[in-house]
Structure formats: C-alpha cells, structure tokens
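As structure tokens, the next two blocks hold two forms of the same chain, structure 1 and structure 2.
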Structure 1
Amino acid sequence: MTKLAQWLWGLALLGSTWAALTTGALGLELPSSCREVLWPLPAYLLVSAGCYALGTVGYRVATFHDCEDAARELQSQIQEARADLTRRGMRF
C-alpha cells in the first residue's frame, strides 16, 4: 500500500468517525463540552498538520549538510571545461 493510500484511509477513518459523532449517528449523547470541542476538531487538525509541516521544513533547512567533496569536484570540472573552451577559442 502506498503512503498516499495510507493517508487517505486514515483521513477517511477519522472523517467518518468525526461525522458519526457530530451528527449523532451512533446514538451517543455527548456532553455539550465534548460537542464544543468536536465541531472545530478538523480545523485544529489542519492547523496542527501545517505547523508540523513548517517545522519539519525549517528543521531540514537548518540542518542541511553541504557536500564539500562534490563542490570541489564540480569546481574542477568547471575549470577543465573552461580550459577546453579557451583552447577552442572562446574567451571568458
């Protein structure tokens, strides 16, 4: 099962549970304090997911590792290419 399918199944399960609890389809009498928390729950979850995503991206950017060896190799290839083009008559 792909990750997308897992997320969609999880969202469908949570959404159907939320809908059943808020509409009273299960026949449960929830206290008013629970219903007050239950109605905006999808918005809370959406904001929480957004905060998690921003935090993850920020952390990955902050801990990004440079590849020193690859940078040196690329610089040497650039120098070789410039030398080759200079021999062929191109000026930089």
Structure 2
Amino acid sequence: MTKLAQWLWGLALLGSTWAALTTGALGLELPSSCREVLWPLPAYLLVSAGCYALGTVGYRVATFHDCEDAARELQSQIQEARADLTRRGMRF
C-alpha cells in the first residue's frame, strides 16, 4: 500500500470515528463537556499542527549554525569571478 493510501486510510478511520461520536450515531450518552471538547477536535488538531510547524521553523532559524568566515570568503570569490568574467566580455 502506498504512503498516500495509508494516510487516507488513517484519516478516513479517524474522521468516521469523530463523525460517529459527534452526531451520536453510536447511541453513546457522552457527558456534555466531552461533547463540547469533541466537536472542534479536527480544527484543534490542524491548528496545533500549524503551531508546531511554525515553532519548529522558528527554532531551527534561531539555532542555525552560521559560518561567517566561509560566507565572507564566498562573497569575495563571487566578486572575483564576476570581475574576471566581465573582463573576458560576458555581460550580466
């Protein structure tokens, strides 16, 4: 089974469970506070996934290992190359 099929399977299973529980199709008498938590659950999972993604991106940006010397060296090499090529007649 492909990964897409697996994901769709999982989503379909969880989605149908949630729908069955929220619409009361299973005939379970859940306490009202549980029902109050249950019905926004898909939106909640999406928002938390988004927050996790945003937080991970921010954290990795903040802790990225810069190499200042290598960056400066690369920039000077680029300038050299540009000057050399313009001398040989190439237009940028």
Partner chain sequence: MATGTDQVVGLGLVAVSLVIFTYYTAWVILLPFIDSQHVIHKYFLPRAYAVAIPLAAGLLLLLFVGVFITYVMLKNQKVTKKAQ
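Please read these numbers as outputs of a predicted model, since none were measured by experiment. Shifts are known only where both forms have a C-alpha. Numbers given to residues start at 1 and step along the sequence of structure 1. What we label the rigid core is the largest C-alpha set whose atoms superpose within 1.5 Å from one form to the other.
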Any idea which of the pair is the form predicted together with its partner chain?
2
Does superposing the core leave Thr86 with a CA shift of 2 Å or more between the two structures?
yes
Under a superposition restricted to the rigid core, does Leu13 display a Cα displacement of 2 angstroms or more between the two structures?
no
Is it true that Leu74 shifts between the two structures by 2 Å or more at the Cα, once the core is aligned?
yes
Using a rigid core superposition, the C-alpha offset of Cys51 between the two structures in Å is 3.4
Once the two forms are overlaid on the core, the CA atom of Val61 shifts between the two structures, in angstrom, by 7.3
Residue runs between the two structures with every C-alpha shifted 2 Å or more, at least 3 long, rigid core fitted, in sequence order please.
48-92
